[in-house]
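A single chain comes next, written as structure tokens; it is the form predicted alone.
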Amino acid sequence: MGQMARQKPGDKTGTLIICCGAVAREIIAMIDANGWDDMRVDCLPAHLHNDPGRIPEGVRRKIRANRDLCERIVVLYSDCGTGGQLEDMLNEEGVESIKGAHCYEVFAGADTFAAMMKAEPGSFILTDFLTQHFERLVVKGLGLDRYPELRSTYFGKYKKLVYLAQSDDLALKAKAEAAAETLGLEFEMRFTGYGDFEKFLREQRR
């Protein structure tokens, strides 16, 4: 996914938000809904979650490429499997970021997510993005379309699929329910909206 700019060429005002492609659609929708026209979004490809060691330098490149083009840069990546390397890099660059282990925790809120995992550790999580791309990322990505017998290998210890919904979209809910059925898991939906992503950006605007 490429850059989604909100500035006119030569405009050096406003805030740049650097985020993962897996949440970019939701971040843009949130900005639009709140009328935050001084913000623009740039994202790294979602597939970097498969190679999180590349995330810190990818974010660094975007920071350095945009530092002179805007008044402020904030990062909406949580740790995302980098083992603290992303936070170390952001401290070096002097850029503020949202906290959290991953986007599931940010959407749900840290306390809620921890309670959810304590209640049922065997929970497989979907967001709007993962629900939209479930067939490509999970079914085909894990080879379940070719080797359905692998379902028990991958998901045998899971009991529940939890859909953390950012939007009130009945079609997405139906897809999430179908995903749970495909994996042979119980289904639960929790509406999170934009969760702590929105809270964080509101705090940046004070």
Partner chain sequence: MAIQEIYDAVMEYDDTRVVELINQELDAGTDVKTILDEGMIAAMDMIGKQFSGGTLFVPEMLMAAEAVQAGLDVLRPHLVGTGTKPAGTVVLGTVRGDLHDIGKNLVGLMLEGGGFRVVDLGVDVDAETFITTAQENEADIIALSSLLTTSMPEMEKAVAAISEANENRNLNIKVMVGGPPINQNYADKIGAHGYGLDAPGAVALARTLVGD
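Residue numbers count along the first chain shown, from 1. These figures come from a predicted structure and were not determined experimentally.
Omitted here: the form predicted together with the partner chain. The next part is about that form.
**Student:** Can you tell me whether D68 touches the partner chain? I mean in the model of the complex, with a 4.5 angstroms heavy atom cut-off.
**Tutor:** No, D68 stays farther than 4.5 Å from the partner chain in the model of the complex.
**Student:** Residue-level question: is G58 within 4.5 Å of the partner chain in the model of the complex, judged on heavy atoms?
**Tutor:** Close contact is absent here: in the model of the complex, G58 is far from the partner chain, nothing within 4.5 Å, heavy atoms only.
**Student:** Contact between T153 and the partner chain in the model of the complex at 4.5 Å, heavy atoms?
**Tutor:** Close contact exists here: in the model of the complex, T153 approaches the partner chain to within 4.5 Å, heavy atoms only.
**Student:** May I ask you to check whether T112 falls inside a 4.5 Å heavy atom distance of the partner chain in the model of the complex?
**Tutor:** It does not: once the partner chain is placed as it appears in the model of the complex, T112 has no heavy atom within 4.5 Å of it.
**Student:** Taking 4.5 angstroms as the heavy atom distance cut-off, pick the stretch from 40-48, 26-34, 174-182, 153-161 that is near the partner chain in the model of the complex.
**Tutor:** Going by heavy atoms within 4.5 Å, the stretch is 153-161.
**Student:** Using a 4.5 Å cut-off on heavy atoms, which residues of 72-86 contact the partner chain in the model of the complex?
**Tutor:** The stretch touches the partner through D79, G81, T82, G83, Q85.
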